[in-house]
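Heads up, the chain below is alone and in the form predicted on its own; it's given as structure tokens.
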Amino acid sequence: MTDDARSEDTCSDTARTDGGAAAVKAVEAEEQPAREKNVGQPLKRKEDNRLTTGRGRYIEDLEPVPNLHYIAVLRSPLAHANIESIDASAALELPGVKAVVTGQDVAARVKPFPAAVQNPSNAYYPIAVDKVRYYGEPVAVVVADDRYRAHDALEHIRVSYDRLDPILDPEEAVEDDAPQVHEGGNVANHRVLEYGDVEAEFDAADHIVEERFEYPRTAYPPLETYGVIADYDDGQDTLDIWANFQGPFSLHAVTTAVLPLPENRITLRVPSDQGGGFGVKCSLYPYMVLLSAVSMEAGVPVKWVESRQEHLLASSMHANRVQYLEGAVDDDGNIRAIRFRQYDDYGGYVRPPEPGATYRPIANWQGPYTMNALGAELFAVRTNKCPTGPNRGYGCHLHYFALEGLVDRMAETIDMDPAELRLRNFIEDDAFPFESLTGGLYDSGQYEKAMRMGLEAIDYENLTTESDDEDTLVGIGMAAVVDPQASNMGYLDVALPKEMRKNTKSGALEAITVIVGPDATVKVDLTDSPQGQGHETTVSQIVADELGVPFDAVKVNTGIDTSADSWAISSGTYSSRFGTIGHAAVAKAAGKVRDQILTIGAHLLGVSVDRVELRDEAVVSDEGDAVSLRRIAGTTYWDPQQLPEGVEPKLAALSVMGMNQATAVTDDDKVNSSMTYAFGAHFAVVEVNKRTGVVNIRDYVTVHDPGTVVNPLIVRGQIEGGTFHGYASTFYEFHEYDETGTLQTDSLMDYAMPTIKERLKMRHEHVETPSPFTEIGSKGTGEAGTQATVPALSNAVRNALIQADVDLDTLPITPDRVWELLHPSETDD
């Protein structure tokens, strides 16, 4: 029987109404080879045809309401100043200008944002109220019937400032005599944490190794910038917001908490497509609130799409960090303990989810190594720079830059090969699930296997730093990282001492709906806003396997509508969470539908459910009789009286999934800050030209263990993208402010982003150690590349430079900086 013939036959069966399971004519199943599983196959991405042919639907494509007006934002030309007056009278006289909204207008309509720090000091609104605290901070907003008229009107607004001295260095900002960004002081958060007897371990160690590391500010511009539409309806007293908001819904809660409406009168809609995110669009919520207040004030719906310059100037950056790290190590290579003191620069305001960059990596502070104790002194500091937010790897790449740099220095101190030191201290395979000193619950891993695989791939045994060219220094570097995924939001509670904590929280939920229609096609509704990760493809692979249907029979809907979707706090695509809890929720929801199909199919065949299986779009009994999925679906919708007693007429399931490992912080400051932990080891061989300072990468190898690989092509793409991101941070990208606090890198002419021409060529190896905590064993893959690349490359360059008695502890590694390190006397001249 051909597929077409069987389809016609089952359609005919579906149309019969002779009732009862006994009347069902069973269709004898043909002997066919089992369909190959979709999970694990390198299937091409479903979404690519749409996205690569200009048919994606982005925020700029939306004009969802009539009478849409446009806004332009007047931004501060000073980093630190009191606002004496704002005169918008000339702007208001221009044709097409509807309103000019100031900070005072906004403060009268919304509440200040909450803060998760000990010293919140002054209120944080989405626009300066009486003082500007960073270059580019919004000062006034023009509303006009045309975006060009709105921008033209900015030139007619007169603002009088009283200039103040800025403070830009996070270490200097903690000094008592530093200029005060806020009246309550520049230190927003300070904690001293200790896990184990740190002093005893350092006293007992054969060696103590110390180093200072400095990680710069970086941007992470996606192809698509911010965009918001806000429409306040004063007749209905409702507010509709459209935004390319990356989520998560925890920040949606922050957004709605400051607006003057209950949450059930506020609807957030996110387009199905976004042009990248990398964490930056989590920080969009201040503008969502700003445009909401402007719509209320002006009485019209308003739209804003950020320019590239605005994005670089004042959207969000990753915090820069100064970190002092110490390691206690014995002559035999046993790492006894580490401790560090760090200063994280959060700019003018510590806005949620900050100080996440400080605390997000807490569970994996010790990385892949066993040790007896760990100590940390942490400062979250305010300066006169743009506020910060999540970035791919969120805090981990900064930490691993320092930790893996320290591991190399410990190896040098005890004259041990750095690979051997790492292997000697790795957590062993049989130790999983492994609880870290800080409360992390590492689920699974084969760290030694992955490391040895990488060493073999790069031919480590035969590598040498000797060079035939006297102008070239050769360096070999490596890094090993534990990659946390799917945040437990409870990690932010560590920012407060236990006596200040109220209503501690945790959470990592995901809401997924799977529906089988009357024709047996499958629809999956996600409450996620993917930014290009390939959700439609991996979800189709998982659901197709669970329901025994073809890959192309599954339609996946992305985007968010809080008025229509079933959603849950923390739903969102960030922190590599979809590969962990997203995939798990999809499998769980599809599994529920699979059980419904088996129950109904067994009833129609007149056998018990334990005698049937779901195979190739049919429920098949152990005697070979079969009833097609199409017949079962048709019966459910068109002939429900044939269903078993007590079975609802549906083939649909909603899974709102949490994970038991997401527990709140303990009184001794331990927290499992993520749900799963992947592993990555990277290896680099570089050449440094002594005459030019240019670094050439001779070879680069990655090894990753993301648990079960759902789609090898997508995993590879994620690793390559993350690795390229780390490569950019190592050699190209940083934000530079001058002494007045004016950003010097506010265009792509000045902010150096590598392009495809500077592509890093790399080779990949994979290890699969399924997670025991997720439905199909998969973990995330989006951030490991970023975290491991920065220390692997910086260690390789340093390995080359120390041959010329030059050390390296600061990023980025630009040619001019390398040249200055190699030629200090000429630089002094």
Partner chain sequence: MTAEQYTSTVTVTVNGDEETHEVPDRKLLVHFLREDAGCTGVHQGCVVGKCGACTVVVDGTPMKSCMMYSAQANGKEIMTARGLGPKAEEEGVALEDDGDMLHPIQKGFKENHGLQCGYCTPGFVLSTYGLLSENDSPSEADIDAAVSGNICRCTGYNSIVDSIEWAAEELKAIRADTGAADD
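Quantities reported herein were computed from a predicted structural model and do not represent experimental measurements. Numbering follows the first chain given and starts at 1.
Same protein, other form: the form predicted together with its partner chain, not shown, and the subject of what follows.
Within this chain, V767 is remote from the site of its partner chain in the predicted complex, having no heavy atom within 4.5 Å. Residue contact with its partner chain in the predicted complex: Y148 places a heavy atom within 4.5 Å of it.
Its partner chain is not drawn, but in the predicted complex it has a heavy atom within 4.5 Å of L760. Looking at F724, you'd find a heavy atom of it within 4.5 angstroms of its partner chain in the predicted complex. This chain is displayed without its partner chain, yet in the predicted complex the stretch 710-718 from 320-328, 125-133, 619-627, 710-718 comes within 4.5 Å of it by heavy atoms. Interface residue among P649, P550, G275, P433 relative to its partner chain in the predicted complex, by the heavy atom within 4.5 Å criterion: G275. Screening P112, P120, P754, P216 for any heavy atom within 4.5 Å of its partner chain in the predicted complex leaves a single hit, P754.
Contacts between stretch 185-221 and its partner chain, counted in the predicted complex as any heavy atom lying within 4.5 Å, involve A219, Y220, P221, listed in sequence order.
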